[in-house]
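Here you get one chain, nothing else, as structure tokens; it is the form predicted on its own.
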């Protein structure tokens, strides 16, 4: 990534992790009408029950999807990094069934839903890339269900850290040496189904065992192989084979 990258350029890079697009299709993606604005942390981009009219694309910053129980307890069900489209799951649905909220301050490009629908109807390879991207999100959701439902706390947390690092590197947002984890321990707890106290204790355990090093929110894995084993992490479900096969096997 360079500082000149726009949100649509980053979206295009994300789609091309899945499908090689010809130049005409690439230019059509970059020409999508949109408005870009800076959004503060905690701002809702989509609320459950909304009628979707736009699709947001993260240019900078981070976001997350969430669901609430009837008594208001939050479960974070996905983390989003720059280049991710935030509302493609609602592309053909008339009501949002979950909420999307900014994790940090960031720049978001808002594409009218009808323009994105027209683009994918007119260009089969773009349609394949968009629909495949939605399917990949479904694959990640399945892994998160497995992670929260069947892995112990240590494995659960290590797995999430491995996923985040792999996705950041594939999108060109990490140099492979480390990354900034833009999430509080309370939010991390809501993503892995633990208490903040348990998350804090588990992070300290991973650090004491030499699996991670931390400097504020910057995290480095001294040994990717060890961390991957502890996290029971296989990147297959991310479907980033073209980018990651040489890096993580």
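As the structure is a prediction and not an experimental result, all values here were calculated from the model. Residue numbers count along the first chain shown, from 1.
One more form of this protein, predicted together with the DNA, exists but is not displayed; see below.
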* Structure fact -> The listed residue (35, 47, 217, 67) that reaches within 4.5 Å of the DNA in the predicted complex by any heavy atom is 217
* Of these, 212, 39, 29, 183, which has a heavy atom no more than 4.5 Å from the DNA in the predicted complex? -> 183
* Location of the DNA contact in the predicted complex, chosen stretch of 145 to 153, 125 to 133, 89 to 97, 112 to 120 [non-hydrogen atom, 4.5 Å] -> 145 to 153
* Asked: Does the DNA get within 4.5 angstroms of any non-hydrogen atom of residue 52 in the predicted complex?
  -> no
* **Partner proximity in the predicted complex: residue 200 to the DNA, non-hydrogen atom cutoff 4.5 Å** => yes
* Asked: Is there any non-hydrogen atom of residue 223 lying within 4.5 Å of the DNA in the predicted complex?
  -> no
